[in-house]
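We begin with a single chain expressed as structure tokens, specifically the form predicted alone.
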Amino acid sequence: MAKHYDLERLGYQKEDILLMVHADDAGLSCSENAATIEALETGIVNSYSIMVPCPWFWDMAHFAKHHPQYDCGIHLTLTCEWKQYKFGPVLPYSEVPSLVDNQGFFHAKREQVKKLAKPQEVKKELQAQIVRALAAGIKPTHLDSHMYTLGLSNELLAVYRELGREYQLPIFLSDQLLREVDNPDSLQEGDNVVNAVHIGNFKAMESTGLDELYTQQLKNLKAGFNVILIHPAFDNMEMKQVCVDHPNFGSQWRQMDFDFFTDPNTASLLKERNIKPITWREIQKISL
């Protein structure tokens, strides 16, 4: 069966509360890149991952190449959920026709990927994304999955595992996220999973903002490997246009993520609870 990482091999104690604050979606836009970089340099964000097919990939790849001290993964991408901001595969869409709509862009919804995507085309495209990242000088610490599409089915999970083995990189697996994409009980013997994953939610964002929710999450963290998934960006004109008619994980949400995780009071809360940072770079040592 799947198991939690053996963190004692890294010198941690069973009672240690370990936290990764991970920024998804770098490369999505200029705003996303700028906020991610500032959050890494001035906040408590200690991990991020890059979307290779997006127009602003090269900007973030340049940063990653010249700042290898930061934990950096490849955010394997099979969907484009935005209404008017579109991107598609790294490969010519004629080579991976099951991954695109009739205009050659990635499908907007996970359900379309689950129904239409052929696993062999998924692997071919994701290999191309990894190869492009490596060629850009990125030295990835892990692989993860945009919108957790690689958790949608056992066939997609098999591709995810294969990529991790082939490139000798840990993959982000979570039984919580697998339940959220309606694929429970799909983990296998040998899979390593994080202890707990925390994300903001739209109801809280709309009503009181995300500060209170994140504060409670930090106060209630339990021992083990915890991940808070955030999506920092600035609520500027560019990001508003990217997020047209998409308030869930929209520009306002992303600004709240940036604000909370660069606030000195948040860093103080971690110190008060003796919460220790952990990164995929450390996890590499015990996962391969």
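For every residue, the number given is its place in the sequence shown, counted from 1. The shown structure was predicted, so the numbers you read here are calculated from the model rather than taken from an experiment.
Same protein, other form: the form predicted in complex with a further copy of the same chain, not shown, and the subject of what follows.
- Contact with a further copy of the same chain in the predicted complex, defined as a heavy atom within 4.5 Å, holds for exactly one of Q255, N46, T262, N236, namely N236.
- With respect to a further copy of the same chain in the predicted complex, the three residues W58, H62 and Q84 uniformly fall within 4.5 angstroms at the level of their nearest heavy atom.
- Taking non-hydrogen atoms only, P92 approaches a further copy of the same chain to within 4.5 angstroms in the predicted complex.
- a further copy of the same chain is not shown here, but in the predicted complex it comes within 4.5 Å of a heavy atom of F105.
- By the criterion of a heavy atom within 4.5 Å, R132 is counted among the residues contacting a further copy of the same chain in the predicted complex.
- Using a 4.5 angstroms threshold between heavy atoms, S31 counts as touching a further copy of the same chain in the predicted complex.
- Stretch-level contact analysis of 68 to 76, 112 to 120, 184 to 192, 92 to 100 against a further copy of the same chain in the predicted complex, using heavy atoms and a 4.5 Å limit, identifies 92 to 100.
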